[in-house]
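Listed next as structure tokens is one chain, alone, in the form predicted on its own.
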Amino acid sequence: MRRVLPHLILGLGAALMLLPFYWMILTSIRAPAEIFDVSLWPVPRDFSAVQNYGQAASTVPMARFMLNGVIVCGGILIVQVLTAVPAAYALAKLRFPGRRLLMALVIGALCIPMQALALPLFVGLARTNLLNTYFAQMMPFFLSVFAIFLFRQSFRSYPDEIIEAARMDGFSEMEICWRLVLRGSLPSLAAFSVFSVVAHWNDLYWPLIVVSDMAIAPPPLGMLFFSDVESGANYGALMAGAAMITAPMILCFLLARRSFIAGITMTGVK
């Protein structure tokens, strides 16, 4: 029982977490007459996947929405890594006055919600005529205090002896940071990449504020446009669109799951 019971509890929890995804896929292949059927039987009476997915792909530019999501998430992730890695290395391995204060500020910044900064950011972007651009969608997230905290916790476990040896061999601090320390923390990099991409791929709040042009809309905002076009009536096509924009994130996590778990584990080990 000691072996079976934990797996049984985890299995029930996993089934509960997977049920919405199963219902989404099931709804996306059903005909409108079966949408509100409470049956969980995986084979519908009228298989309508072709019609639903075809309508989702043709009614609005779904491929364009997904490309916009790749551009926005990729741009955010690249700048976040470029800014967070040197900051985390300095906080983890360099000794300088005010280091503890800066770390306290990083932890405090984790408590500031995005909604508190939305108005001044919007006003600044509006005055510089940068609304309805990719930059407007990416700019508020270029600096990630969560990334600094995550990488700092991971970098602390890197041996100081190797860093001292690299300094004696003539390595600069930036070379040590990028070529040695970051390479030893690739699982943490993979874990943060999953966190960042999933968070910004699914973000609707900020794009809803700064984007009104369908041509640069990310996937969640694109689904909102699709819902407006459909007037919320064709739930099969809506679920088909939702499945299309969810699939890349599931695939991303499955490909990086081992590094993701290892990266989360490493952040708690010194």
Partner chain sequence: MSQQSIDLRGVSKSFGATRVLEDIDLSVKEGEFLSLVGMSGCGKSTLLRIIAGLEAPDRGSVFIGAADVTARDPSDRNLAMVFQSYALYPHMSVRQNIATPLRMRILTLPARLPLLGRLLAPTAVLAQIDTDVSKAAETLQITHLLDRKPGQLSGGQRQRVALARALVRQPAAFLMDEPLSNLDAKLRAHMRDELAALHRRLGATFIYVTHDQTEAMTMSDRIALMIDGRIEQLGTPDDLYQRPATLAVARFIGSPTINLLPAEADGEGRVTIAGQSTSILARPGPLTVGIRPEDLETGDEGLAAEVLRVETHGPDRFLTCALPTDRSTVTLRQGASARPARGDMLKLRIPPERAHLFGSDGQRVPARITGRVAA
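Positions refer to the first chain, counted from 1. Everything quoted here is computed from the prediction, not taken from an experiment.
The protein also exists as the form predicted together with its partner chain; that form is not presented, and the subsequent description refers to it.
For the candidate spot formed by Tyr158, Glu161 and Gly170, every residue has a non-hydrogen atom within 4.5 angstroms of its partner chain in the predicted bound form. Contact check for Arg99: every heavy atom lies farther than 4.5 Å from its partner chain in the predicted bound form. In the predicted bound form, its partner chain sits within 4.5 Å of a heavy atom of Ala165. Proximity of Val106 to its partner chain in the predicted bound form: non-hydrogen atoms within 4.5 Å are absent; the residue sits far from the partner.
When contacts are judged by a 4.5 Å heavy atom cut-off, Met138 does not count as touching its partner chain in the predicted bound form. Of the candidate stretches 189-197, 128-136, 67-75, 176-184, only 176-184 has residues with heavy atoms within 4.5 Å of its partner chain in the predicted bound form. Counting a residue when any of its non-hydrogen atoms is within 4.5 Å of its partner chain in the predicted bound form, the one hit in 93-107 is Arg95.
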